[in-house]
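Take a look at this single chain in C-alpha cells; it is the form predicted alone.
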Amino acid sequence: MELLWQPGKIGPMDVKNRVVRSATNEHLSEPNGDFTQAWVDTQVELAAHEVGLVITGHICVDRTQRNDIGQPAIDRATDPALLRQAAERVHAYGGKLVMQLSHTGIKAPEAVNGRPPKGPADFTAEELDQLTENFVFAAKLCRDCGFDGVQIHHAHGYLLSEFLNPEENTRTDEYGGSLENRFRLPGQIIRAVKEACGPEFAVLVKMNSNGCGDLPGALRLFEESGVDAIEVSGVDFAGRPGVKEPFYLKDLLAAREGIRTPLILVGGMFSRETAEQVLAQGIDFAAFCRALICQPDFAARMKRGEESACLACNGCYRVYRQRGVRCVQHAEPIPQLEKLFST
C-alpha cells in the first residue's frame, strides 16, 4: 500500500490516511465573525473526498482582531450549533476535524476591526494571560462540540508567529530576547489548552521553518510542550508562485534530528508522487492547500492517480474579493463570498 493511504496517528487521533487539509482561510463568516452554513459545508466536502484530517481555516480567538470580514471568530458569543454539525458530518465520512485557532496580531486591519492591530510589544502581561484564556475557552468549546482537536497557529506572521520571530518580537521582558523567552507565550498557551481539554483531545501547532531564528530549537521546544503534531510551513509561502515542489522539506529534514513528535509538511505538493516522496523521507503527513482550493475533491482524484489542476499561480489569494470564487479557474460564484466581498 502506498504510504499516503496508510492510517496514521496524531496523539489520541487515529487518522484514516496521511492526507491533511492544511488550514486555509475560507473567508466564509458573517460580517461580524459568526460561522455560516457555507463554512460548515466546506469542511464536509473535503472529508467526503478522502481528506483524512481536515484542519479548518484560521479562526480568531479575539473578535476585535480579525484578519478580514470573512474570518470567523470563536468566543463566548459563538453559537455552537454549526460547530457540532461540522464535527458530526465530517465524522460521518470517516474524517477527523481540527480547528485552527489564531490571533491575527499586526495583520488585523483597522478598517475591519475599528481599532489598531496589536503586535507583541503592545500586550501587557495581564493581556497575555487573558489571551491564553481566550485560546483555552475556544479549545474547550471545540472539544465540547465534538472536534477532534485544535491547531494553534504560530506561522505566517500572525501574533504567535511574531512572538517567535526575533526580528518582530522586540519585548525586553520575559517574553522577548532568547528563543526560550520568545516561546514563553506559545508554551503557556499550549500547556493551558492541554490541561483544560484532557488527553483525549489533540493539540497541534503550525510553525514557520524560517522566521523563528532557530528551527531545531523551536521544534524541540514544541515537542517538550507536549504537542501531538507539528505542521511546518514558512513566512514566505506566498512568494513562490508556479513552484510545484515541496517548499520546506530540506529545512525540515535538516532540523528534525531527535524529534519524535509527528511532523506534517505543507507547501508545493500537487501530486501523489510528490507526497509519497515526502512521506518516504520520514515525514508523517502530507498537507495540501491550494490544490484543495482549486479542486475540493483533489484527494480522491489523487487516489485515482490524477495530478492537481491547480496552476500554483496564487490567484486564490485575491480572486475571492473580485468575483466571489476561490480559484481563478472557478466559474460559479459562492454566494457568501459575493455577499462579503463583491464590489
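Numbering starts at 1 and runs along the sequence shown. Keep in mind the model is a prediction, meaning the values are calculated, not measured.
The same protein also exists as the form predicted together with a small molecule; that form is not shown, yet it is the one meant from here on.
Only one listed stretch (212-220, 152-160, 77-85, 190-198) carries heavy atoms within 4.5 Å of the small molecule in the model of the complex, and that stretch is 152-160. At the 4.5 Å threshold, heavy atoms of residue 57 reach the small molecule in the model of the complex. Residue contact with the small molecule in the model of the complex: residue 261 places no heavy atom within 4.5 Å of it. Within 4.5 Å of some heavy atom of the small molecule in the model of the complex lies at least one heavy atom of residue 316. The closest heavy atom approach of residue 266 to the small molecule in the model of the complex falls within 4.5 Å. Annotation: in the model of the complex, residues 24, 233 and 289 each come within 4.5 Å of the small molecule through at least one heavy atom. Between the small molecule and the residues 147, 247, 183, 123, the one pair within 4.5 Å by heavy atoms in the model of the complex involves 247.
For the options 293, 47, 28, 40, the one in contact with the small molecule in the model of the complex, meaning a heavy atom within 4.5 Å, is 293.
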